[in-house]
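Here you get one chain, nothing else, as structure tokens; it is the form predicted on its own.
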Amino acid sequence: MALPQAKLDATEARLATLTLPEGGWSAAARRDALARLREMGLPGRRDEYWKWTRPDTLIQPEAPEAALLENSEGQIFSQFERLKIVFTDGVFDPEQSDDLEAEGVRIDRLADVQQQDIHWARDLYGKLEARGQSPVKRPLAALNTAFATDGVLIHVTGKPSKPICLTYHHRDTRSDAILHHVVKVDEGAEVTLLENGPAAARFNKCVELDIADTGKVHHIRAQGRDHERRAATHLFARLGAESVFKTFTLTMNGVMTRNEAVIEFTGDDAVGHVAGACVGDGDFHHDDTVFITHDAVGCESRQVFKKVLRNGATGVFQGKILVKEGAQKTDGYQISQSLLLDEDSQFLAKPELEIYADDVACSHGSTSGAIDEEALFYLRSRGVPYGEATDLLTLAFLAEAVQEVENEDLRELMVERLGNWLARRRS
């Protein structure tokens, strides 16, 4: 079916600003992604999964300007020993990065190896993204696969002694970054991935993550404080038998953020958790869109999302659990909640279950509400000032999502940063 003219024009206008990398092992995947993109077109407000989030600034030919913000708190993971991989406005920064070598892992830069004839990532690059295009189209991910010129290719063969940390710096108020990462985790291997930073004025990132049987991945992401930034991120994960994947995202500020996660269970007895905590003020729009497919027996999935909104901020959650025929003993849990600190903010939610197996335990729930007046009165009656009492109750509300971070030190760091954000708004 032909695209509507408006969508066709918007797509071609965006493509006119980009150059398709030619040659090398990724060329076929890039051409296929471009064909998918031209067939579906860039997103518009008439698309079902974009009706609450305006894609205009994410798809317009040039990136909108975004002011830079000095971060007085410093980089969020700086207190941890880690392997640092740094990108500045979407380009690898070797001076700030560590050597891309560590035990139990092989790391290559996409820009360095994409012209080679063969590479292990050839069997994965664009493959999980293509699988994730059905039943819901994800055109910004296809755009990423076609045109990304940088990123990292991480092959985990053992258990690295320290986390791998991807840090994204924003230095150019007009930067328009497209990064594509591929992560392959071998059988029995385990890794912790950290991500942080605002990245660019406009950021399009895609991560394809393939976890073999009994592999484990812990992913913790903190999205940068530069408020005027815009970001569309995509995470595609395929889980083998008895594998574990847990991801948590902390978001503070950002005029437009769209985080998509597409998780597929292909092996029995796997565990996949997707969680997020966000706090927004004013012209803040934050969209979590999650699609989890159970296609194996005895798997567990959790979606836990909490949003705190004030001064007209908007939060969106769209989450679906699809249980295919034969995926018996599935345990699927989904919760999305918002705390609205005034009457001007709004939370829009679309929880979904689609089940074709009869021996499952699946549930979903979504609520919006204000601060508990009785709890607030209790704290104030014991001498806690109004602002501090509100912050304590807000942190308590976010606790279920933050608890999804298994590492205690990282969990405490998330709570500290959230508390600092609330204190700044109170002052």
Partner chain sequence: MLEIKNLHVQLAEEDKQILKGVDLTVEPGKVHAIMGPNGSGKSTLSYVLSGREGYEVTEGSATLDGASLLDMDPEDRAAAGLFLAFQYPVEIPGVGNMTFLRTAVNAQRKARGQEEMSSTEFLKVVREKAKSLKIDADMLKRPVNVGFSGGEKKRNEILQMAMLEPKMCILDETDSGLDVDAMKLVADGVNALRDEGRGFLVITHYQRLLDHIKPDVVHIMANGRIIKTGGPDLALEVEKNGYADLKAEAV
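Numbering follows the first chain given and starts at 1. Quick caveat, the model's predicted, so the values are computed rather than measured.
Not on display, but discussed next: the form predicted together with its partner chain.
J.: Is every one of Glu374, Arg380 and Val384 within 4.5 Å of its partner chain in the predicted bound form, counting heavy atoms?
T.: Contact check passed for all of Glu374, Arg380 and Val384.
J.: Even though its partner chain is not shown here, does Asp32 get within 4.5 Å of it in the predicted bound form, heavy atoms only?
T.: Taking the distances in the predicted bound form, the answer for Asp32 is no, it never comes within 4.5 Å of its partner chain.
J.: Does any part of Ala396 reach within 4.5 Å of its partner chain in the predicted bound form? Heavy atoms only, please.
T.: Heavy-atom contact with its partner chain at 4.5 Å: present for Ala396.
J.: Classify Val360 as contacting or not contacting its partner chain in the predicted bound form by the rule of any non-hydrogen atom within 4.5 angstroms, answering yes or no.
T.: No.
J.: Is Asp47 close enough to its partner chain in the predicted bound form to count, meaning some heavy atom within 4.5 Å?
T.: Output for Asp47 is no: heavy atoms all beyond 4.5 Å of its partner chain.
J.: Using a 4.5 Å heavy atom cut-off, indicate which stretch of 58-66, 387-395, 360-368, 35-43 touches its partner chain in the predicted bound form.
T.: This holds for exactly one stretch, 387-395.
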